[in-house]
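The chain below stands alone and is given in structure tokens; this is the form predicted on its own.
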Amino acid sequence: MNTEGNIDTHQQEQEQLQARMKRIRRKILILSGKGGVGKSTVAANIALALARAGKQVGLLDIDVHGPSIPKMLGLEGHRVSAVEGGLLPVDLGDNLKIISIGFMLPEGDSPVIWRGPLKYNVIKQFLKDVVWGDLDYLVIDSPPGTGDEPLSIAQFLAPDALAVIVTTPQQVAVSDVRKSIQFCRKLQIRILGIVENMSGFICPHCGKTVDIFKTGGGRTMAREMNLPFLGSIPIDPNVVTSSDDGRFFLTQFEGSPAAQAFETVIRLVLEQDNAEKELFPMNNKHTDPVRHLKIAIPVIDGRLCMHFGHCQHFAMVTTTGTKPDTGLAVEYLPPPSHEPGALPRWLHEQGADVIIAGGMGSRAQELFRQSGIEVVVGASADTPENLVQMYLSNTLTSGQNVCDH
């Protein structure tokens, strides 16, 4: 098996992705552990407000199963153009570019019936192949929860990603949103702050505020978890009307309480950006990008287990660079129960980028590749640390696949 070719392909894809991302100064994930909190509305209007502030902005919709950005921005029916070197996003002018899986569906109501590996690959394609050009901000609208799409985009962008967490005031939403905060902390994603959406309803007739979903839950959570609070956005029926009509709420109802609240959120984001430029320096084009890989190796008695599905533990080796002398962190995990499809799912959940194995069946290899995980088969029975060092230095040689079935 030509493992050198697999390694070269993986490295080439990583270099392409890093080259794109180096031209984007800030990557902001809009996250929520709860559906129905208005996250896409917040993402779209944050992107617009940043563009109106004179920034070059991209808006990336990675909600594969429910892409709402095309509808909200009046872009239904638009298609992505392929050019030499990648895919062109839809350009709205006024400093704002958009990409969404919705631009690639044959019809607006066509369902996307995909498992995790396909979603992983399309997110990687959006980052690697879309010709964004030079951006100040890439705002990423993620689906709710901490599943495939948020995990994939976070792994691609960490540690450079930032996050804005969206909640509504009521306790049932706040409890779920706390999971997104822990998700960011485990992945070392810096949280810019909390936005409390649907925070009270301002009556258009009398001006009185009615707390339909209570109020203050997001502010309290931010205080308890020692995070910045970016603002409370009240319920405004015009937000719904604007989204249904494919118009930006901020441009149609400028000066309304909800629009002013959005402007407050953006002002605080920009203030943090201006205050912390040294914390998030631009990548110099002459600087080698740092690559973080998680390499999974089945082991028995501390060395590579030649039969992939019958190991004692998996050594999960995390690298902090691409050079052989890079730092390595090794964690040993017990494998899941041995049943069809369990290992591919489990290793994908663990965030594995590469698997080094002695022997593996062809069907298992295909399942891993569908998950976007590189497979190196036929390695010798060495220690995990030595195997990873050889992999990084391109000196890892492969012999016979002892489990080719």
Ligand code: ADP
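As the structure is a prediction and not an experimental result, all values here were calculated from the model. Numbers for residues come from their place in the sequence shown, where the first is 1.
The form predicted together with adenosine-5'-diphosphate is left out here; the points below concern that form.
S.K.: Can you pick the stretch from 179-187, 82-90, 298-306, 228-236 whose heavy atoms fall within 4.5 Å of adenosine-5'-diphosphate in the model of the complex?
M.R.: After filtering at 4.5 Å, what remains is 228-236.
S.K.: I'd like to check something about T319: if you look in the model of the complex, is any of its heavy atoms closer than or equal to 4.5 Å to a heavy atom of adenosine-5'-diphosphate?
M.R.: Heavy-atom contact with adenosine-5'-diphosphate at 4.5 Å: absent for T319.
S.K.: Spell out, yes or no, whether the shortest heavy atom distance between P336 and adenosine-5'-diphosphate in the model of the complex is within 4.5 Å.
M.R.: Although adenosine-5'-diphosphate is absent here, P336 would stay clear of it in the model of the complex, with no heavy atoms inside 4.5 Å.
S.K.: Can you tell me if Q365 lies within 4.5 angstroms of adenosine-5'-diphosphate in the model of the complex, counting non-hydrogen atoms only?
M.R.: Result no; Q365 lies far from adenosine-5'-diphosphate in the model of the complex.
S.K.: Heavy atoms within 4.5 Å of adenosine-5'-diphosphate in the model of the complex: does S243 have any?
M.R.: It does: once adenosine-5'-diphosphate is placed as it appears in the model of the complex, S243 has a heavy atom within 4.5 Å of it.
S.K.: State the residue from I355, V37, M360, L343 whose non-hydrogen atoms include one within 4.5 Å of adenosine-5'-diphosphate in the model of the complex.
M.R.: Selected residue: V37.
S.K.: Of the options I123, L138, M72, I165, which one has a non-hydrogen atom that comes within 4.5 Å of adenosine-5'-diphosphate in the model of the complex?
M.R.: If I apply the 4.5 Å criterion carefully, the residue I get is M72.
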